[in-house]
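As structure tokens, one chain now follows by itself in the form predicted alone.
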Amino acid sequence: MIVVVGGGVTGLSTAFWLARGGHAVTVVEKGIVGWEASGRNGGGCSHAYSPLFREEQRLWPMMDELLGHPTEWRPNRIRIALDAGQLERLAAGSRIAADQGFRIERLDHAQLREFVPWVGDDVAGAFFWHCGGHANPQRTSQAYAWAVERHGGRVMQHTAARAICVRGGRAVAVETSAGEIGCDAVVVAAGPHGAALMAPLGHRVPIAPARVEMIVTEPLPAIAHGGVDGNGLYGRQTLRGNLAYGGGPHEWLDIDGEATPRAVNTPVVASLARRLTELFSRLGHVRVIRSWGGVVENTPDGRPILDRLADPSNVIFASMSSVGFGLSPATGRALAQIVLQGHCDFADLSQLRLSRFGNLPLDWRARMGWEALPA
């Protein structure tokens, strides 16, 4: 039995690949699957900086068929810069994607306006990625969970993992709010709660929880490619026509025990609305009809942690540092391989080991200005 702690897309995708391969797997989730960051993000699937990017791009077009349920995945991505600094960053990311063999096209203003008629004249540049894409986070999270169950796995919602029981240098069970579950291996993909599970095992995991926000507009006429990023925002146009967008700055949090802070709206929402109006200056009249928040975790260098521990040797830790959704098909497949064979054979994940933070100062959050504000 393999126990996966965390019912977000990383944990669910891992469980899906394991169950699909005929392995007994149980997912334990303290709330509802996809209820935090996994179901409350912009839905982007375009992570060129990741060693899993090529596999991400290979798998997404297959996911509806593999999972047996719709994810609403749509291909391609348009990325817009409003100033020279944004353009430099977009160009660097585009070069990384192009260097991996993907077609990236620079758009002039007329071409951009044809694709995205909402933009104004103050655009520094834009790129059309003939790769990437976006999907519906809520539908995808549920599709993973149903697929796990269809392949014989078990998904236990409202079941909090309390501790990992170790004997003889190996994890033998996971203690949960519903009792103890015996295991042959454990995958910890518990988002910001993962560090607390690792600490009793002697591992310090440097992650900082943060609240992020999304806003949703009233429906608009559909554009050809609904995945458009820019001005520090990520998001998509839904099939119904709504614009769903998010982006920093983060509101740093502290998490006490199993509780997750209520994701209430914050002043971040006003910043999102302003920047969305700057990005799509012809939509200043469009109403924001709802907003929501989620909780994510961030590593000091902004990169994921994907690692199999040396002690206990059958515990695998995963933290995606705010980029979990789009990479989830590839991440889950990689983690399943790490569980079964000790390594991933389609991507080099050596730079994502936990040990890279071995010399990190204890007060790293304070030094980075990532501490929670007083209540």
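On a predicted model such as this, the values are computed, not experimentally measured, just so you know. Numbers follow the displayed sequence, beginning with 1.
Keep in mind that the form predicted in complex with a small molecule is not shown, yet the notes after this line are about it.
The single contact residue among His193, Arg139, His151, His225, judged by any heavy atom lying within 4.5 Å of the small molecule in the model of the complex, is His193.
Interface residue among Leu309, Val323, Met63, Leu349, judged by heavy atoms within 4.5 Å of the small molecule in the model of the complex: Val323. Partner contacts here mean any heavy atom within 4.5 Å of the small molecule in the model of the complex, and among 64-72, 309-317, 336-344, 323-331 they occur only in 323-331. In the model of the complex, no heavy atom of Pro51 sits within 4.5 Å of the small molecule. The small molecule in the model of the complex is not approached by Ala15, whose heavy atoms all lie more than 4.5 angstroms from it. Remark: Asn242 does not count among the residues lining the small molecule in the model of the complex, judged by a heavy atom distance of 4.5 Å or less. For the chain shown alone, Val166 is not a contact residue for the small molecule in the model of the complex, no non-hydrogen atom being within 4.5 angstroms.
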